[in-house]
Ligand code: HEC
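Below you'll find only one chain, the form predicted on its own, shown as C-alpha cells.
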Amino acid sequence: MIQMPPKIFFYLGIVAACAALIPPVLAVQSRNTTSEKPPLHAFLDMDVQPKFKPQTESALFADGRSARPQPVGTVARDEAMEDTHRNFGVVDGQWATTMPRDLPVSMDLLRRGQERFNIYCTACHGYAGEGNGTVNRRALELVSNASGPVNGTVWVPAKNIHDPTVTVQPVGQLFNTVTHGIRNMAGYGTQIPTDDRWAIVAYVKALQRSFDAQLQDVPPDQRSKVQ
C-alpha cells in the first residue's frame, strides 16, 4: 500500500507556487504603470549619488550657486570644429588656397611633412609621389597576372601627385583627400593629427613644385650648384 505524503506538503507546494508568481506579476505591473517615485535599487551602484539640481543653492561656494561659470577657454563639443579652415580645409564654402594662419610654411613644417609622407604615403605613391610605391607595384603585378579580381578585389592604381588633375588642386582639397580619402584610398583623419596632415599637404606641394621648378626658384647663392 502506497503511503500518501502528509497534506502539509501539498499546502506548502501551493504556497510556493503562488510565491513564485509574485516576481513576474510585479515585473509586468511595473512595466505597465508609471510612478513619480524612484525605482527600488537592491544595489545603488552609481544610480543614486550626491548631486546639485539646476538652479539650486550650494553652501560649498562663496556665491551660493551650484551652477558654476565655464572656465576661460572652454569650447562646447559642437563648436570644437568651428575653424573650418584648419579642420576641413574650407574657407567661405570653398577649398582653402592657403595654409592655416598658425601653420605657416617653414623648413621645420616641410621636414615634418616629409617624415609623415614617407611613413603613410610612400607605400602606394612612392617617395617622389609618382604612384610607384611598393604596394602599388605589387598590386598591379598581381592584377596583371590574374584573369579576374584577386581574392575578390580589384586594384585602383595610386595617383601620381604630379598629374595635372592633382597639381591644380588647392591645399584645402588635398587636405580633404588626406583626411577622408578618395576613390579606393582610405582616409587618415583618425590616424594622423590635423597639424601633421597639413604638413603632408605642404610637402606634397613642395614635391609638385620640385618637378616643375625654375632656376629663379633657387636662392641666388645656391644657383651655381644647379647650373
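Only a predicted model underlies this, so the values are computations on that prediction, with no experimental measurement involved. Don't overthink the numbering: it's just position in the shown sequence, from 1.
One more form of this protein, predicted in complex with ligand HEC, exists but is not displayed; see below.
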In the predicted complex, which of the listed residues (109, 124, 139, 90) lies with a heavy atom within 4.5 Å of ligand HEC? 124
Any idea which of 68 to 76, 115 to 123, 96 to 104, 82 to 90 reaches within 4.5 Å of ligand HEC in the predicted complex, heavy atoms considered? 115 to 123
Hey, in the predicted complex, is residue 184 touching ligand HEC, heavy atoms inside 4.5 Å? yes
With a cut-off of 4.5 Å between heavy atoms, is residue 171 one of the residues that contacts ligand HEC in the predicted complex? no
Tell me, yes or no, whether residue 202 is in contact with ligand HEC in the predicted complex, where a contact means a heavy atom of each within 4.5 Å. no
Answer for residue 194 alone: is it within 4.5 Å of ligand HEC in the predicted complex, judged on heavy atom distances? no
Does anything in 158 to 183 come within 4.5 Å of ligand HEC in the predicted complex by heavy atoms, and if so which residues, in order? 158, 159, 161, 166, 169, 174, 177, 178, 182, 183
